[in-house]
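Given next, in structure tokens, is a single chain: the form predicted on its own.
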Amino acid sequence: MKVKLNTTNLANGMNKTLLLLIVSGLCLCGCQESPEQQGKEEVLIMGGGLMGSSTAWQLSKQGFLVRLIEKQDSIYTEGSSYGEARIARSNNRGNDIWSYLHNRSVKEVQELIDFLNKGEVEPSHAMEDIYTTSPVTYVGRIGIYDRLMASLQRQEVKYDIAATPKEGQELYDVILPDSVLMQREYNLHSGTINPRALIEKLHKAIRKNGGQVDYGTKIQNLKYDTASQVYQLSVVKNGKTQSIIAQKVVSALGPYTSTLLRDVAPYFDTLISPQRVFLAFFRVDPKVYQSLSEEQQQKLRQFYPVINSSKGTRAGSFFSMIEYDDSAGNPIIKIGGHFQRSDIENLDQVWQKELDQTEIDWSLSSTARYFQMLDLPIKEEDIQWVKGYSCVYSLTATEVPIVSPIIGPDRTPKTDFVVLGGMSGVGAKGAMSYGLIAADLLTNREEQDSMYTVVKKALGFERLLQDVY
């Protein structure tokens, strides 16, 4: 069934274009539009993680009626957007586009919070629901000092730095090995970001704007009908196969991008390579943690999150943060390695793959090494395993994400279909910015800000063409 155009609204200039939507077996068929929905164009967003949700929110702000499809339930149990803490930081060594993505995201989150609180007698949403502000610690080899200082001078970052063991002792009361430096960043909303909480708020805002979020809906395939110029999707919900037709689509499918876009953009199969990474969770033995002085406990907390590259090798580098406190108030520490990657045999099953002993040992020894650097009386045997899980990085060759229209005839941008892909480990802190850029690409909206233009180009269509051809 086609959704009919309201000719009265068209005559009044209230409706420019209404997209065709065919749904078989869904309750939308034959439904009457509510007054706030009338006159809005419809956009289908595939993937309800951070990227898809932020794009859907941005489109709803621009007046579009969005429909967000997510294969999981409202409570995430797997996927790259799973979890309660990711590192959020303003300072990014060497390349300022990552700083922009984070800082702009903070502004966009504030707009989201203001929107959700609008009309409420008692505001129930706050930035602190999303961000935990704390110093971000960076540990690296002294060889990066000049590049680091040049980067810090370009960016608006409050920081201090120790480049010798003596400075480490005097400034931070830590034991810095020779040829290792420690820098600490102090910015509002730098620390950690909570993906779970942000997704929940984005979905609430989308619905408040009249949009729709379909949970438990798995996309089986996607094709483009050249004759009618529409995208045809086959989805499964509650065991039933249903058909959806849309004229504007956003893909935020993470590691499933190449599989589900094989008929409309097959080149993503060579552009994005999913790799498994793992995350391990530990706690200090509660008896040992409680035996620490108040100052030592505070020190442990204040030196997370951390990005530690002091070993000087990719395999030895790690990121770590406090995910949450257990019921007794002991911090649960999460650690992973950006370059601790492995091939994937079955993408649907990789999320349940348990850590092997080698991965657990690497995580344990890396955590113990960091405690030693902090000069805390915690031995490796005092650190207790809590749990672990597998995650997936969607990697491009340069590890810079893609936010771009797909390639149309004559190698021109097909602006009715935008892809966010290849996020690897850099997605969460800049999610709201990626969503903004994707929405703008779909609606031909431009900003005059010079850094916005630089970032949009770095992620966008020209870069996609270069990668493909």
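Note that the structure is a prediction, hence the values are computed from the model and not measured. Just count from 1 along the sequence shown to find any residue number.
Same protein, other form: the form predicted together with a small molecule, not shown, and the subject of what follows.
Engineer: Determine whether any heavy atom of residue 391 comes within 4.5 Å of a heavy atom of the small molecule in the model of the complex, and answer yes or no.
Structural biologist: Within the cut-off, so yes.
Engineer: Please tell me whether any heavy atom belonging to residue 76 falls inside 4.5 Å of a heavy atom of the small molecule, as the geometry stands in the model of the complex.
Structural biologist: Result yes; residue 76 sits at the interface with the small molecule in the model of the complex.
Engineer: Answer for residue 406 alone: is it within 4.5 Å of the small molecule in the model of the complex, judged on heavy atom distances?
Structural biologist: Taking the distances in the model of the complex, the answer for residue 406 is no, it never comes within 4.5 Å of the small molecule.
Engineer: Is the gap between residue 413 and the small molecule in the model of the complex 4.5 Å or less for some heavy atom pair?
Structural biologist: Residue 413 lies outside the contact set for the small molecule.
Engineer: Thinking of 101, 135 and 190 as one candidate spot, does the small molecule come within 4.5 Å of a heavy atom in every one of them in the model of the complex?
Structural biologist: No, the candidate spot makes no contact with the small molecule.
Engineer: Quick check for you: of 111-119, 216-224, 361-369, 240-248, which stretch puts a non-hydrogen atom within 4.5 Å of the small molecule in the model of the complex?
Structural biologist: Looking at the partner contacts, the answer comes out as 216-224.
Engineer: Just to confirm, with a 4.5 Å cut-off on non-hydrogen atoms, which of 81, 91, 105, 183 contacts the small molecule in the model of the complex?
Structural biologist: Going through each option in turn, the one that passes is 81.
Engineer: Quick one: of 442, 428, 436, 44, which gets a non-hydrogen atom within 4.5 angstroms of the small molecule in the model of the complex?
Structural biologist: Answer to the contact question: 428.
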